[in-house]
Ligand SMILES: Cc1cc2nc3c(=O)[nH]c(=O)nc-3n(C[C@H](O)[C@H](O)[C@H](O)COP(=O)(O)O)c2cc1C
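The data below hold one chain only, encoded as structure tokens and taken in the form predicted alone.
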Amino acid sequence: MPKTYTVEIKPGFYLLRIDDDQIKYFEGLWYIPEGITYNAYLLKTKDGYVLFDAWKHIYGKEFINELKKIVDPKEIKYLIIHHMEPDHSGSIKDLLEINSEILVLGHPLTKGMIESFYNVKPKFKPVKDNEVLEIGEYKLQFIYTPWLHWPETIMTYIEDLHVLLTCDAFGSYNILDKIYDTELSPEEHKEYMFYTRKYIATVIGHYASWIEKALNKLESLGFNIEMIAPAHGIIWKNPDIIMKYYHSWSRGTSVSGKKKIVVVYSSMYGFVDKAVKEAVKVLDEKKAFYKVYRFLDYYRDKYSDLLADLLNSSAIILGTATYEASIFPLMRYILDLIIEKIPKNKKVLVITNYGWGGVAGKKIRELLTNNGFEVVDVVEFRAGQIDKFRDKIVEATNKLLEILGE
């Protein structure tokens, strides 16, 4: 049974959280054995309770039970929907079946989505960008933040509490028995930031340019943000920290400035494996910082983890084979993910092999170049001839390091 939390994080302002340790593939796509949390929030005002978002549909009963620990759901007057993806909106129907008088507030696009997704027609009021709504003693300001990560996504700033509710933005995979970032040890923080980066790359990566737009917009509004309350993961009492990481990652750079090389390769029968290991020897000799992801006949790393490391990398060494006069299918899928999810500021070294005709190297160069990546070199060799191409691999790897200034 997933663990639930009801925590008063500010006077009259509550976190309602469930730890989904049953999920294996987020969105049915991204492998997350670390799990994920779903966070909703409840605000008590003089004019009644305001609910912000909900939980995934399979936890509808648990969501209602958690609400009842604070308030009779029939007494909730407002529901603010930041984002209609079902991991946040799935249990809304359970709530509306109990209380059909709730006034639902959200982006104009939200109305059609909620009616379509859940076959309900709630009382609905669209909110405008930067609109301020006074409920009881509180002022709530709504901010449009499109593509973080759907077009109808909004945030809410509660002026009197200095809290920014951000839904997907600033969220993360992973389940911790902690509520706030200030409770994390340095080791926990480092690990958590990997899962945060993984979340950005997999969920919002395609819209990375919109992250920067949203951050600039928030900064221009001059909010005095003391707390960021996302819909996944821990709550940030140090908002400047996560904002700094978001600025950096949206540009595809590392906060520390350390240049990381991601080595990713597939190998059917060991030829590419041997070739890539020659490049790795050079990285070791030059004491370069690198991570390796392998896709072999007996072992595979995880695509989602790979994207997390690619996001803030400086360069990629990519190895694969020609397959049926094209790119090895698994690597073609990985290339598609890289193109769709990762900022284009990466230098790439390509190492490929072939049996009777080399095609993959040329196709990979064209594919990456046409999509904004800089391919610094391509080394293509015939299977079994690694000894004749070892010097070229070493030379190409050194060339990559020189370009990076390593």
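What you see is a predicted model, and the numbers here were worked out from it, not measured in a lab. Don't overthink the numbering: it's just position in the shown sequence, from 1.
The same protein also has a form predicted together with the named molecule, omitted here; what follows describes it.
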Which of these stretches, 333 to 341, 348 to 356, 60 to 68, 29 to 37, has heavy atoms within 4.5 Å of the named molecule in the predicted complex?
-> 348 to 356
Out of Y323, F117, F194, W210, which one falls within 4.5 Å of the named molecule in the predicted complex, going by heavy atoms?
-> Y323
Proximity to the named molecule in the predicted complex, single hit among G112, P186, G270, G222 (heavy atom within 4.5 Å) = G270
Do A383 and the named molecule come within 4.5 Å of each other in the predicted complex, heavy atoms counted?
-> yes
